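Given next, in structure tokens, is a single chain: the form predicted on its own.
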């Protein structure tokens, strides 16, 4: 029963969560648990569990005698990987990808510089292994294999920084990279220059060259923003604005 309930509430979340982040339920909307349970054909206990998860993401607030109220986007936990995934699946994807990529450009170069100072030999080996894995999967439309090594590479950089706050952003970066791939906001084969930058970054960290590691990572994130401009451009501003 526990497994079934977990499966049911996860299924509800995958429908209700995106509906909230897409704006189908605007901020201030009051949702009734019994009505939601009927709509999604689940028990009220399953619906309450789903609501508790949404509350933990700060998408909704539950109040006795009021119901479940949708909170403003400013209050959402925008670092929650599931919230990121839902928002990247919606119409707001171009803006979301830019916002997250700008976050990466602010954090990852600094993390890479720290990694060059603090990475263990095992972490250096992981970086090299994943950089070579990216090279091996960079041709022949093998994006899923490339993505696996790309995510692992950036997780190691953040973890090797020695800063636990940076390390916790690994899931955020993973969702950004996954979202780019799964929503076709990448070329069929990765940019060779970007692949080479990852190899050079692994070398810079291994050689304890913090300045070069930071500069190379900045190039990687700038390149990611430039790819977005080509593949998922922001909506044109209204005429006369």
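Positions refer to the first chain, counted from 1. These numbers were taken from a predicted model, which means no experiment stands behind them.
The same protein also has a form predicted in complex with another copy of the chain, omitted here; what follows describes it.
- Is another copy of the chain in the predicted bound form near all of 146, 183 and 224, within 4.5 Å of a heavy atom of each? Zero of three within 4.5 Å in the predicted bound form.
- Task: Counting non-hydrogen atoms within 4.5 angstroms of another copy of the chain in the predicted bound form, say which of 152, 124, 107, 134 makes the cut.
- Result: Selected residue: 107.
- Message: Counting any non-hydrogen atom inside 4.5 Å, which residue from 42, 53, 194, 27 sits next to another copy of the chain in the predicted bound form?
- Response: Only one option qualifies, and that one is 53.
- Picking from 174 to 182, 28 to 36, 194 to 202, 42 to 50, which part of the chain touches another copy of the chain in the predicted bound form when contact means heavy atoms within 4.5 Å? Careful reading of the contacts points to 42 to 50.
- Item | Proximity of residue 89 to another copy of the chain in the predicted bound form, heavy atoms at 4.5 Å | No - in the predicted bound form, heavy atoms of residue 89 and another copy of the chain never come within 4.5 Å of each other.
- Task: May I ask you to check whether residue 168 falls inside a 4.5 Å heavy atom distance of another copy of the chain in the predicted bound form?
- Result: Taking the distances in the predicted bound form, the answer for residue 168 is yes, it comes within 4.5 Å of another copy of the chain.
- Task: State yes or no: in the predicted bound form, is some non-hydrogen atom of residue 94 no more than 4.5 angstroms from a non-hydrogen atom of another copy of the chain?
- Result: Residue 94: no contact with another copy of the chain in the predicted bound form.
- Taking heavy atoms and a 4.5 Å cut-off, does residue 163 contact another copy of the chain in the predicted bound form? Flag for residue 163 set to yes.
- Scan 62 to 82 and write down, in order along the chain, each residue with a heavy atom lying within 4.5 Å of another copy of the chain in the predicted bound form. The stretch touches the partner through 74, 75, 76, 77, 78, 79, 80, 81.
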